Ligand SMILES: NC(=O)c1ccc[n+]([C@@H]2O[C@H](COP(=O)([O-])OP(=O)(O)OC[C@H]3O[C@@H](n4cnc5c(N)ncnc54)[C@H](O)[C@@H]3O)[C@@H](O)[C@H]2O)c1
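Below you will find one chain, with nothing else, as structure tokens; this is the form predicted alone, and questions on how it binds or moves follow later.
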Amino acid sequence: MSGRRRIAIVGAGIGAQHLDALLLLQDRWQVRVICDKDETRARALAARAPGAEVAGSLEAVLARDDVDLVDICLPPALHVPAVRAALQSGKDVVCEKPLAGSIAEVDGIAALAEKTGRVVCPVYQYRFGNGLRKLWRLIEAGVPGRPLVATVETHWDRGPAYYRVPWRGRKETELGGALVSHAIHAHDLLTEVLGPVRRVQAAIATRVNCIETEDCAAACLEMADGTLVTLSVTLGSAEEITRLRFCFAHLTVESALHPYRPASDPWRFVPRDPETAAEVKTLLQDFHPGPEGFEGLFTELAVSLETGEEPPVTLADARRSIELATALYYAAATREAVELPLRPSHPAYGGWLRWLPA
């Protein structure tokens, strides 16, 4: 299919940020429908999108023949049934994080996507940032050398007002806490850069809010290549930051600190020797920035749909993310080191909810 893709946004919460990006890309995307069970909220959002109509249910969206792709921006527990319904109706899918609450569910979605011949693009918009693009240019040229250690900090501020939204802070509807609703993006960036995880040790706690899910976590990871990593997560920070720091053999790299745009500039690249400094300068002097965040995601998704290539974020990417979350929860519950990959025979393959604290 060529021309503009016709998209329906299902969920007018985070869907508003998706719409912001899509309105910047009207040569590639046409927003046909805004869907929300609160039709007043849906109408307010649709008023910003030329020609967009309003629907009050996913079923109404899926019955339309003028929608090519469904953008699922619903609470986490609704993701899997919505994705499956959209695929079965012949639509391509974009879905917010976490895609699912188990590795088994991701594998089921992958099987259904293959059967129906449709595309599923999980949402990890943090990947699309110019600071991270610079790091990739250096890595592809072999400049940093082998990774040694890394740290990831997700230190945000979430209090009672945030948790007044009924589905937040509840195991059955949010599917977990800070690890899957907040830090999942930074942890995805980590594995995108360093690859798969070999071993996990972790602890989680609820120390900030009176909720059912964790709002603090700490973990130690050993990556498949031997890199050692520490993760730190809290929703009780007075200053909100997301920070990734990588120590490579020849280069130390630190991300931006913006909590929701850590992959954007400015990134710091600190060489260990003059030769590396010269290589960094040469490779980055003609760098041209690209679209970031949701705009970057939807730009690259439109191109992939046009060319028939893989989407910019794949189901394999989402599976890796869900597998890490599963391992973290299981390690925290058992106080044992967890080896990855997690096979279908693993006790938590079918979900981590039973392993969350009572």
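Just count from 1 along the sequence shown to find any residue number. Predicted model, so just to flag it, every value in this text is computed and none were measured.
Omitted here: the form predicted in complex with this ligand. The next part is about that form.
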Answer option from 104, 277, 141, 165, heavy atom within 4.5 Å of this ligand in the model of the complex: 165
As a check of understanding, the residue in 76, 271, 169, 259 with any heavy atom within 4.5 Å of this ligand in the model of the complex should be identified as 76
Close approach of residue 341 to this ligand in the model of the complex, 4.5 Å, heavy atom: no
Answer yes if any heavy atom of residue 28 is within 4.5 Å of a heavy atom of this ligand in the model of the complex; otherwise answer no. no
Determine whether any heavy atom of residue 330 comes within 4.5 Å of a heavy atom of this ligand in the model of the complex, and answer yes or no. no
How about residue 36 - does it come within 4.5 Å of this ligand in the model of the complex, if we only consider non-hydrogen atoms? yes
Select, from the options 343 to 351, 20 to 28, 330 to 338, 7 to 15, the stretch whose residues sit within 4.5 angstroms of this ligand in the model of the complex by heavy atom distance. 7 to 15
Let me test this: is every residue among 243, 246 and 315 within 4.5 Å of this ligand in the model of the complex, going by heavy atom positions? no
Which residues, if any, of 294 to 326 lie within 4.5 Å of this ligand in the model of the complex when only heavy atoms count? 294
